[in-house]
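Single chain ahead, by itself, as structure tokens, in the form predicted alone.
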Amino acid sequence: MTPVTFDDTTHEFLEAVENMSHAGLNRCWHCLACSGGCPFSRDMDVLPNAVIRMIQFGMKAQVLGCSTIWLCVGCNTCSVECPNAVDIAAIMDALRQTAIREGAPIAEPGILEFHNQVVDSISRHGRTHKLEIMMRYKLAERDLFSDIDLGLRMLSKRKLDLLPSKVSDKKAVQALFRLGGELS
């Protein structure tokens, strides 16, 4: 068995994730409380505590390429379950941001596409317009009809508005996007 070696890049990756997330990932005991509490862990390729361990070992490419960071919905169940108050949801968010910034292969591109559609809707309307988000997402994924029955039921129950609702100060919302660098 080859011993694990730690070099400067190992520490650089760990420090970068810690600086972005402020999550205290070195407090992790690897007790599996986060993974046991996660409602999506059964669908993940790597359990949340293992993602932390991989960060500690400097396995940057493997971490940024795993599906787990994209399947995490940020519900914070893992963070609440953690006996050491490690903010695992913040770590996952930092990893997603790093993957996008560094151009890493996205393991779940559909999730990123959906996220982009939500953010685009908020930047245009000041809030989400669910019908438009779903239609744009379905067009981008070239999957127009798989959920048509669900969409029609939602429309009939008035769960989807045909037109976006108005916000009183759309310019303020767009100013927030400019501040975050999302709009030019």
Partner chain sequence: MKTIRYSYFPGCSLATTAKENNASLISFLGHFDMGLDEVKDWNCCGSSSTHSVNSGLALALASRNLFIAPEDRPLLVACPGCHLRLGQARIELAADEKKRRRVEQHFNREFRPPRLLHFFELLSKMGGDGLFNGLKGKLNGLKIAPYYGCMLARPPKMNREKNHHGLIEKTMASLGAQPLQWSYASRCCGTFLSVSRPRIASAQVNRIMAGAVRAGAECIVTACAMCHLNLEIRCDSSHRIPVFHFSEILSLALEGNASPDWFRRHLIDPAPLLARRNLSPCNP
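Residue numbers count along the first chain shown, from 1. This structure is a prediction, so every number in the text was calculated from the model and none was measured. Between two forms, the rigid core is the largest collection of C-alphas that superpose within 1.5 Å.
Separately, the form predicted together with the partner chain exists; it is not shown, and the next lines address it.
Proximity to the partner chain in the predicted complex, defined as a heavy atom within 4.5 Å, singles out one entry of L64, M54, C28, I122, which is I122. Taking non-hydrogen atoms only, C72 approaches the partner chain to within 4.5 angstroms in the predicted complex. Taking the partner from the other structure, the partner chain in the predicted complex has a heavy atom within 4.5 Å of a heavy atom of G126. In the predicted complex, the partner chain sits within 4.5 Å of a heavy atom belonging to M154. In the predicted complex, the partner chain stays beyond 4.5 Å of every heavy atom belonging to E12. Taking a 4.5 Å heavy atom cutoff to the partner chain in the predicted complex, the contacting residues in 136-154 are Y137, D147, L150, R153, M154. Superposed on the core, the two forms barely differ at H22: its CA moves less than 2 Å between this form and the one not shown. In a rigid-core overlay of the protein, A172 has its C-alpha displaced by at least 2 Å between this form and the one not shown.
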